[in-house]
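Below, in structure tokens: the form predicted alone, a single chain.
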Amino acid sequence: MSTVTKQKRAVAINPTRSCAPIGAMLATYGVHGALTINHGSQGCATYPRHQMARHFREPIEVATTSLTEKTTIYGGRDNLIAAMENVYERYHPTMITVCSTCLSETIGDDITGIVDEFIEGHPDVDIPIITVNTPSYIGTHITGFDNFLKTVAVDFPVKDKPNGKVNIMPGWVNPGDIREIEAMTRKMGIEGIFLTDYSDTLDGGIYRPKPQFPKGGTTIEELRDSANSLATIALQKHVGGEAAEIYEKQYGIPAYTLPMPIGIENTDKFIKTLSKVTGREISEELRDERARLLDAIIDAHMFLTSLKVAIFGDPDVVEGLVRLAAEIGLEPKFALTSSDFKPWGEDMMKLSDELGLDMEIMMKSDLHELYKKIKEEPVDLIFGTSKGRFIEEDLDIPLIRMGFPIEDRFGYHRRAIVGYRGGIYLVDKITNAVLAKKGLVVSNTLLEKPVEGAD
């Protein structure tokens, strides 16, 4: 029987979370021509830029108000106004996101009031400037992303005539995942407004001359038009679920909050929801992709059945991966997230009961805690980010890398784990890791590696 536990130790050792401002910064990258001003010290901008650059392998541009000891005491109003002036005059962005930090929140700067003052004093500034509260002592990186989406849902949409489109909130995913979701909608002849879309802005190309802003991203016009869509589909409960409800309450657009489309059943729910809200038939191409995923699972079952797995990462990602693991015959033993979301623990218990699992659901926990658990009760595989490499190396357990950040491998941000094709990729990746660890295959039979030192 599964249980929900919460880490009692106050100090985090090898945490799986990042700071809240990085979520607002990433979401802003999904709006074409938009820039973020980080209202805090220089380090509050440098750390997120460093994290994102190592994962996406792209230059990350984020402005900072560079608060110092003096501004910490007397307030950062002048720095923020100067930052907005400089960003607007030098870059002429389509939008500016001002995100707070621990420092600016603690000293009590009225960021919204300062922005309003700036707009009143600069009538020539004709772009939206939004503020997002992202103190890192509340929540994690996904909190910042979610707060951005809620701000967009309140500030941008303008009710007009129906557009026949569907609002889609992928949540915190990789560019490859967004492209796969876009591909699935296209295969059904559906046009989506993605809130937001950083598939090209953070996985772009080399162009000459270099454009002022990267290609791609959701436009401001699309954000405004999102009030006229057929429905809003959030593909992560904790990154977009509340924003989808805002669309329903304020603009009368039906909201659907679905599990992240990882694996067969969750992808089925997404495709069926698209069909329901648009009246479109599920395309033959998508049916073929589903059939290939089923075939891949059948082909791999003899190598994967009953192997134990530990899964860590963001709440919605972990929930999706637990279901996928069960679908392909693995036994999830540990499911860990750094977030302290009681509803997530309740949802995971329901999922565990549905699938008949016996696992420990670890909330507000870190990888040192997972390391101790795995030493006591070994597993065969680990699913998670590069932060799990220390467990992989010390306990000699294969780490199947997915999520954010992936710093010690190349190109993972381009690989989709969602949809039927993403499921095939995961089945192949997981099975090959097992084969590399366990031994070799002869005539479709897995021969275990001999014990070291045996005759």
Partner chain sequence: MLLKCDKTIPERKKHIVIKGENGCGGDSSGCEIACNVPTTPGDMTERGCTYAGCRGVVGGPVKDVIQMTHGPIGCAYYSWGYRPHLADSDFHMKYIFVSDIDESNIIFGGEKKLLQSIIEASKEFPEAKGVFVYNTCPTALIGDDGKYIAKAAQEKIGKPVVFFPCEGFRGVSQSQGHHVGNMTIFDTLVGSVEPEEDYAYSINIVGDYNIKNDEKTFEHLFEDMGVNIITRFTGNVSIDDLKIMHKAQLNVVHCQRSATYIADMMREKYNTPSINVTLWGISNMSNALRDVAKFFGLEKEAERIINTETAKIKPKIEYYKKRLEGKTVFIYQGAPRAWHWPDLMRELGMEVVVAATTFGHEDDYDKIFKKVKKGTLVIDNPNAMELEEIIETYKPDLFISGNKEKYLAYKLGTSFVNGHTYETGPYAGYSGMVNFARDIDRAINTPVWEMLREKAWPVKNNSNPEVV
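Numbering follows the first chain given and starts at 1. In this text the structure is predicted, and so the values were computed from the model without any measurement.
Omitted here: the form predicted in complex with the partner chain. The next part is about that form.
Looking at R90, you'd find a heavy atom of it within 4.5 angstroms of the partner chain in the predicted complex.
Shown alone here, F341 lies farther than 4.5 Å from the partner chain in the predicted complex, counting heavy atoms only.
By the criterion of a heavy atom within 4.5 Å, P214 is counted among the residues contacting the partner chain in the predicted complex.
R323 falls outside the set of residues with a heavy atom inside 4.5 Å of the partner chain in the predicted complex. Comment: 96 to 104 is the region of 96 to 104, 373 to 381, 329 to 337, 289 to 297 lying near the partner chain in the predicted complex, near meaning a non-hydrogen atom within 4.5 Å. The partner is absent here, but in the predicted complex a heavy atom of I138, alone among V154, M302, V158, I138, sits within 4.5 Å of the partner chain.
Between the options R415, R421, R54, K429, the residue in contact with the partner chain in the predicted complex by a heavy atom within 4.5 angstroms is R54. Residues of 189 to 216 placing a heavy atom within 4.5 Å of the partner chain in the predicted complex, in sequence order: G204, G205, I206, Y207, R208, P209, K210, P211, Q212, F213, P214, K215.
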